[in-house]
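Consider the single chain below, provided in structure tokens and representing the form predicted alone.
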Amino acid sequence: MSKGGFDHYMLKEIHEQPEAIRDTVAESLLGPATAGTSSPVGYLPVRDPDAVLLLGCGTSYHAALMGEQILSQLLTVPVTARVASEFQKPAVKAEQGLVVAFSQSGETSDTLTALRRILGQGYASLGVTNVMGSSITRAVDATLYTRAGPEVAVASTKTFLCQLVTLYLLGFHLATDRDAVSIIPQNLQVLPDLVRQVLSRDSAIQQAVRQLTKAEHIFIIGKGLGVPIALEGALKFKEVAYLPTEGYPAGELKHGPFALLGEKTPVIAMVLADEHRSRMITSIKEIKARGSTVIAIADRGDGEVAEFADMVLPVPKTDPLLAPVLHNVVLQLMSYYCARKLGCPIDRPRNLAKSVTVP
């Protein structure tokens, strides 16, 4: 398969994300998600779950963690994300629950094992995968396919974003008050263009990585919806650039990791324009006081963040619920350019495989 003029499949797939998002929204099995219309949801194995459980491994687990927060904001029932490799039994008993299993390949052994453990415990099952006819599609009651297209690079990028899109759509269709969430499909329609804007301004990102490639340790911090994105961003830095990177809730740094801060430990801070913004700025001030360089990702024109961070990578303004998608694209590009500067085998990182089929 051709790289399409890009140096690596990973960069090509990062740049394919606007189309992948568009196709997932337009062709999702959820049907046309247009405000004010009744979209077909007959494929859902349960329409009004009394509990939702989300399962995944690696990047797919980070999607599950995002789903926990997104769906918790939109639904009134308990929503729990669990890492599939550690799953034994659901924390919440259900009579009419819904388990959603995420797997890019549809062949992830730990996720399939977790699914088998929950069968017969009051949960109907929904799989989210990018591969038609994969094992997970035969293990679940219904399947929602992401429309990411082929993903060759081992490090998942566009599949993750498409998984997030399915979560927004799922929350829209499961929400009791559809009018209250009507803005979601409207925002998803413009999301591809916002991602394109991020991709078109990657020169600043390339400049930022110069401060990262010589780091002894890197932290990526966020609050709320930013935490799962911090974890996913840190995974990408480890996978493709081999840089020791940790994703952390911003408030947790002072409970131990502050000991690692200093000139050789830069921090990437994701500042969403939500209820956590002021506390994120406080965290940036505390980190700067301990000698670390801070690279912030924030809304374009946010002068207050620029006042305290060493560098700001701007993203277009959008609904804070969807803004983590844009922050994730910035982190994808940062990890890619770090890996390229360090001469790493970006598409085929050592010791890793695209599909993990062993327990």
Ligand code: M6R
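Note that residue numbering follows the sequence shown and begins at 1. Just so you know, these numbers come straight off a predicted model, no measurement behind them.
Another form, the form predicted in complex with the named molecule, is not on view; read the next lines as being about it.
Shown alone here, S105 lies within 4.5 Å of the named molecule in the model of the complex, counting heavy atoms only. Contact annotation for E239: at least one heavy atom lies within 4.5 Å of the named molecule in the model of the complex. A residue is said to contact a partner when one of its heavy atoms sits within 4.5 Å of a partner heavy atom; C57 meets this definition for the named molecule in the model of the complex.
Although the partner is absent here, S156 is a contact residue: one of its heavy atoms lies within 4.5 angstroms of the named molecule in the model of the complex. Shown without its partner, this chain lists I184, V227, A81, L235 as candidates; in the model of the complex, only L235 has a non-hydrogen atom within 4.5 angstroms of the named molecule.
Residue heavy atoms within 4.5 Å of the named molecule in the model of the complex occur in exactly one stretch of 214-222, 254-262, 173-181, 147-155, and that stretch is 147-155.
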